[in-house]
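In structure tokens, the next block holds one chain alone, the form predicted alone.
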Amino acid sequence: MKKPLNFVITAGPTREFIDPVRFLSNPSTGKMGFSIARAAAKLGHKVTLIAGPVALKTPSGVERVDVVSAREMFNAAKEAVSTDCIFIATAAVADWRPKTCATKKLKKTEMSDVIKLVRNPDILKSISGCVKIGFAAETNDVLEEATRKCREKNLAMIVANDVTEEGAGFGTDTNRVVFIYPDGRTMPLKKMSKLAVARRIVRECENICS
């Protein structure tokens, strides 16, 4: 086996609360990130998994940190990341959050038809000093958008997929992805289980760090 690596992985959605019972979020289930964590740990690597609100068991041999909001995930990532790690950002992080969060449940008559939003930190772009692998869940211009993100965020690789494709969206047990590199190279994979995709990602990380 190659030298064990240190993986920090984000997974799942984040929730941005409007009041104690309502929030903005997305359909991510965390399956892809948890699969990568499971594959990396099984191959003997050290794994820290920063998980948003998901209904998944912690893979064996993985250290798990639970968070809810994008800011909590950002803080946990900053604390976990080191210069010798591979940071894999699979989480579907909310780009925006409500400017204010009510301390009690808002009645219908109290709620405005406009929610003012502010930007959340771009976790992947903000993290530096380590090898970074990103994910791009797109609905159109998949390769172009993913390539742009790969270069703008200084990534070693980005994993892109079309979430409108059957068997490749949120909550599925399969995925069909393309590995994209900063120099423009692409490596399309056939549709396979998320665990099989995860193994390919971990192996590619080993190659990048060799």
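Throughout, we count residues from 1 along the sequence that is shown. Since this is a predicted model, take the numbers as computed values, not measurements.
FYI, the form predicted in complex with a small molecule isn't displayed, but the following is about it.
In the model of the complex, at least one heavy atom of Lys149 sits within 4.5 Å of a heavy atom of the small molecule. Proximity of His45 to the small molecule in the model of the complex: non-hydrogen atoms within 4.5 Å are absent; the residue sits far from the partner. Within this chain, Ile123 lines the site of the small molecule in the model of the complex, having a heavy atom no more than 4.5 Å away.
Contact check for Glu72: no non-hydrogen atom falls within 4.5 Å of the small molecule in the model of the complex.
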